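Just one chain is shown here, as structure tokens, and it is the form predicted on its own.
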Amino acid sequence: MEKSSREILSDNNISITNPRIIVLEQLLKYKKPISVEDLQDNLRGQVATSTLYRVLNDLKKINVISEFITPGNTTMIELSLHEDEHHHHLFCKSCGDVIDIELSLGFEQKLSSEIKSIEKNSFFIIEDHGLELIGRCSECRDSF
């Protein structure tokens, strides 16, 4: 069962405010990555832009949302309510759609092993990783 915006805020010991509820409800409704600009458009003036950015920062601090940059340099956000919910994305270079994908456990383990090797050999601490698969979604592929 999906949690409500109030439950999410309460479970994370963050005060329940109207802007936070509105933003979370929109993200729960959308159910996929969304750009900050599209989120603001969808909110249709319910939340001021400065308030939206404050809410998003608050939600990032408690790991309720994650943020990533598309190959086209657009900042995207998405809910990340489960700690074990690591996934990657497909990026449509025609329409800009972003689709969540999960890699097989075996592939993810090999990738993790490779990352550890890179850390050891480069003396670099890798805090996160992502896999970008760029192409055309089914709608754009058919019209190409």
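Only the largest set of C-alpha atoms that superpose within 1.5 Å between the two forms is called the rigid core. A quick note: this is a predicted structure, and the numbers were derived from the prediction, not measured. Start at 1 and count along the sequence shown; that's the residue number.
Unshown form predicted in complex with a further copy of the same chain; subsequent notes refer to it.
Enquirer: Using a 4.5 Å heavy atom cut-off, state whether I99 contacts a further copy of the same chain in the predicted complex.
Expert: Heavy-atom contact with a further copy of the same chain at 4.5 Å: present for I99.
Enquirer: Hey, in the predicted complex, does L131 get a heavy atom within 4.5 angstroms of a further copy of the same chain?
Expert: Flag for L131 set to yes.
Enquirer: Should S104 be counted as a contact of a further copy of the same chain in the predicted complex, where contact means heavy atoms within 4.5 Å?
Expert: Yes, S104 sits close enough to a further copy of the same chain in the predicted complex that at least one of its heavy atoms falls within 4.5 Å.
Enquirer: Find out whether any non-hydrogen atom of S138 is located within 4.5 angstroms of a further copy of the same chain in the predicted complex, and reply yes or no.
Expert: It does: once a further copy of the same chain is placed as it appears in the predicted complex, S138 has a heavy atom within 4.5 Å of it.
Enquirer: Would you mind picking the one in L52, I62, L81, L111 that has a heavy atom within 4.5 Å of a further copy of the same chain in the predicted complex?
Expert: Checked against the cut-off, the match is L111.
Enquirer: For a quick test of reading the superposition: does I126 move by 2 Å or more at the CA between the shown form and the other one, rigid core aligned?
Expert: The answer is yes, as the C-alpha of I126 shifts between the shown form and the other one by 2 Å or more after core alignment.
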